[in-house]
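The chain below stands alone and is given as structure tokens, in the form predicted alone.
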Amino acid sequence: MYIYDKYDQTMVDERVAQYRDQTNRFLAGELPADEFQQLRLRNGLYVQRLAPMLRITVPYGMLSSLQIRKLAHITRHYDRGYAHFSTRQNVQLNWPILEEVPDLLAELAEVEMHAIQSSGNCIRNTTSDQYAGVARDEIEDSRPWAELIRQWSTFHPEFNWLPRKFKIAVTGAKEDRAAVQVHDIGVRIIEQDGQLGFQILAGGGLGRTPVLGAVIKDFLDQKHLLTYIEAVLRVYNRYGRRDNKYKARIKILVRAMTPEVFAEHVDTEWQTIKNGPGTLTEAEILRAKSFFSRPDYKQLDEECSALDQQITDNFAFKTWVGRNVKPHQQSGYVIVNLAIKATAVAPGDVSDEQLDTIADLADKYSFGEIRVTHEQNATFADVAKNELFALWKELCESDLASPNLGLLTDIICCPGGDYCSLANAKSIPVAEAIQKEFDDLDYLHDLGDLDINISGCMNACGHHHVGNIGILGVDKKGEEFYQVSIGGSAYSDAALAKILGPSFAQAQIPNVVRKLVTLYLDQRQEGEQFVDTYNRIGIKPFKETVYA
């Protein structure tokens, strides 16, 4: 992972000192609240329903065990003993005290972490594939390119006050695990005529107006990545609406212009900077790639007879391996996913004790590295097959071995009305009720992959628009109701879900989900997942079943 140099550390340390002074002036009444609002947002601090919320940036989802331990310490001393993994690979704290946030940020800086540009109308954290560098379907590691974008975009003076927030995702694999089609800019590493380059998408996003991104550049030479992205942002900064925040995202601009006309504007702008100072040199590309070298793998055989026997002898272990373990590029290694979705625990929440355990296990089994995923889980990217059973036993002791990765109970969920001042309804109790309704693992495994996404409001932090089943909290005359949609996907087959019909009371939601999956089981053909069946038979049968 990227290691700070003296310039990085100085920049982050100076930002902490600057924000400490801003906070002190605000508390002393010398800085108006509206001015302080923009300053705190640029440092990741929101004002929520019950307390401030701090969003900590995790570039492309990568954390070291040292950083995880620091997060555990911070949750104990500055929060209430837990952290929250978000859908954009960040970490959030729900109970920091405003006066203590400068101290908290100073502690983060000690381990090369910060909250800079995790909020506000600027370029947010650049995300990527949690399996980057180890996935078997990878064309090229996306992390160096995400890091180059991060370095270029941090404190960029031209793009610090955009019309609205701006999100970029990069993927380097054939299967899109970074959801690039629902980002303001999506970057796909592709190969064309034996040359690696990028396909660029623009105008994706969820929220009040969900839109899938459109391809605006079929093939871009790697050296031009930053100049082309800069051209996109210049066009957005010039033409994006600032008079209405609901129409200020780039997706509205691209749709209004049409992708073809928007691409023409970008190309015209790009010609003025194409070969300028922002052009990436080979030396700079190699510098970025040097931080993501392969770890010191042992020379292991791909076949592991001991593991085969352990799978045969232990059904629970076999079930977990079947769901949570993925193939690896390196012979004798696997990717291990920790599904952090225990029933009655808010999806994505992880305790300080669990964080310490994850750090210890990462040191012991995965070269001291952890990845945060878009599904609010965690990944050990480099586990030797001959150590997999030992790791599983230790995960079981810490309630981190749920064998439900990608299943119905592996729910993506925003904090909702329990914490967020923007929410129309609670999300966490709905997730818990669904998990309790579907507590039979055999049944869940029979259902197969099925994504449920829950948002407490139209801002769609739970990405309900791209859930196979999406649930949105709505307000009806002061009461909490839930709108259900089906057929969405965030990945290579990206699609926006369609609303079934009138909303439901909270108590009805588990039964609604039960009816949907029962119809799916009755109608599916060999090998079909939920979305496949939906795409084949359409929404009508599901609607008739739910509202019968």
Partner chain sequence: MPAIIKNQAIVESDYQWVDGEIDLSTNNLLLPLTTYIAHQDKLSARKDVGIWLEAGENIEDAEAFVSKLPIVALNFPAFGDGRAYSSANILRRKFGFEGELRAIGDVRRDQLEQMVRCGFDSFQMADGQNLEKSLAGLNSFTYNYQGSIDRPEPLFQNR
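Since we're looking at a predicted model, the values are computed, not measured. Positions refer to the first chain, counted from 1.
In what follows, reference is made to the form predicted in complex with its partner chain, a form of this protein that is not presented.
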| item | value |
| --- | --- |
| Partner-proximal stretch of 25-33, 51-59, 508-516, 485-493 relative to its partner chain in the model of the complex, 4.5 angstroms, heavy atom | 25-33 |
| Residue among H77, R294, K436, R287 with a heavy atom within 4.5 Å of its partner chain in the model of the complex | R287 |
| W95, Y365, F317, F155 - the one with a heavy atom within 4.5 Å of its partner chain in the model of the complex | F155 |
| Non-hydrogen atom contact L39 with its partner chain in the model of the complex at 4.5 angstroms | yes |
| Partner proximity in the model of the complex: K326 to its partner chain, non-hydrogen atom cutoff 4.5 Å | no |
| Partner proximity in the model of the complex: E14 to its partner chain, non-hydrogen atom cutoff 4.5 Å | yes |
| S351 within 4.5 Å of its partner chain in the model of the complex, heavy atoms | no |
| Contact test, all of Q18, R242 and T281, partner its partner chain in the model of the complex, heavy atom 4.5 Å | yes |
| Members of 2-16 lying within 4.5 angstroms of its partner chain, judged by heavy atom, in the model of the complex | Y2, D5, K6, Y7, D8, T10, M11, E14, R15 |
